[in-house]
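Below, in structure tokens: the form predicted on its own, a single chain.
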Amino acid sequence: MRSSKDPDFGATGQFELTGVYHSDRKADATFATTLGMERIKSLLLLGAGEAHLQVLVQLAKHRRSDLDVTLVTPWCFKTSAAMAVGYVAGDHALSDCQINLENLVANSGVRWISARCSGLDAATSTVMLDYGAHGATVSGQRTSSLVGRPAVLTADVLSIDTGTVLERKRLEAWLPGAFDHALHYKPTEQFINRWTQVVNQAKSQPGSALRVCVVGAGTPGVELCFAIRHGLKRAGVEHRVHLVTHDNGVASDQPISVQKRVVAMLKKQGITVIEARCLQVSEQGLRLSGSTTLEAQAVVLAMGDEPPEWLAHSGLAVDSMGRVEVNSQLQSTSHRRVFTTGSVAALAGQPHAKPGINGQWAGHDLALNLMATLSDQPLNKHTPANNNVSFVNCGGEHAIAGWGPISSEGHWAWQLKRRQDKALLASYEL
């Protein structure tokens, strides 16, 4: 058994002791030699999606002294999008919806850099970083001015699980005014902060109804409408909630039987469904097709997110939607040392498959294949889970459940969904 006084040359120790980041391969090799190793290999995790959280859990359980791992994500916590709807509805406390990344990173021995990826050269596995206006943290501590923050990083193996984004240039071209005047559901961490401000402001101005318009009638938009209505009611805020379908229909990503129940529930809760295309967002509200305007004090955008633009210029093979094409091992079809999961990945050869790869189910296989690649071992095939059960949270501790052509609803469905969501978050706790 190793003594507590022995140095831990695990995933963080060797480079933080020297102040060297693993952007210098020669320095890595030289330092590894002094430890009696052939070479310390590097793994770079871009984003803190569900698959990468599973990778961190596996690294915490199986530390490797010959591996240096860096996680790049701007947030010090991860908010569950599924449970965030419950927070908006007033069913959950915010702490119940969040994962403390600092604890997970510390236990897994991974260096954390608080930044976003702004560019990628897949041929050289080089990542460009954007620290934004608020600075960055490394391993939970504010970066010292004496230690230069790396502008670029390289790695032996790269894994991408960043999730989709709403980038200003493309969003403005698609829906003018949305970037400045709408609340965007993704990233969820940012949305929670801004929505809390909207509710607090409405509570400070009693006597007038808060008009909220949700644009996007897929499951996220529908759930937000239900959650906003229940949350504002619980907060004592008079309100009017509208759902703008944007020509996509209501809950079109759900089975037909669930769609019918959703439409009936929207009517029951007094949420107005407007079948029109949103053309512009302003400070006053929305301009819709047919020369219609809709006044709103808060506009929530629950659609339009896409893979980050830098993926299209990375050299990686991507599909028509800009998602990275991967094989059944979650490996890029064009670059064998790049792996991708989550909503920015697409299985090659399956054009009719649902976009993205469920990170909840892919995380364990991803961890195995990352370690296998670093050790030059055979990879494992990832088989997507055949989970046909879908849920729509209707707020007020009520949900709709559907599987194939069958659907039902009630408090029991909400309890089942909540139990599954809480179990997933608990799996990230060490």
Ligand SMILES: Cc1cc2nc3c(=O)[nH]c(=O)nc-3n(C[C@H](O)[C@H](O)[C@H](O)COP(=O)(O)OP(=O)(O)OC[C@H]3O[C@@H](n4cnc5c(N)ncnc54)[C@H](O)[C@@H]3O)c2cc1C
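These numbers come from a predicted model, not from an experiment. Heads up: residue numbers just count along the shown sequence, starting at 1.
Below: the form predicted together with the ligand, not depicted.
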Exercise. Heavy atom within 4.5 Å of the ligand in the predicted complex: which of 343, 259, 332, 245?
Worked result: 343
For this session: Could you spot which one of 109, 220, 150, 231 gets a heavy atom to within 4.5 Å of the ligand in the predicted complex?
Result: 220
For this session: Would you confirm whether the three residues 47, 78 and 82 all fall within 4.5 Å of the ligand in the predicted complex, going by non-hydrogen atoms?
Result: yes
Exercise. Which of these stretches, 269 to 277, 171 to 179, 184 to 192, 91 to 99, has heavy atoms within 4.5 Å of the ligand in the predicted complex?
Worked result: 184 to 192
Problem set entry | residue 314, heavy atom within 4.5 angstroms of the ligand in the predicted complex | no
Problem set entry | Distance check, residue 417 to the ligand in the predicted complex, heavy atom within 4.5 Å | yes
Problem set entry | residue 310: touches the ligand in the predicted complex, heavy atom cutoff 4.5 angstroms | yes
For this session: Look up in the predicted complex whether residue 224 has a non-hydrogen atom within 4.5 angstroms of the ligand, and give yes or no.
Result: yes
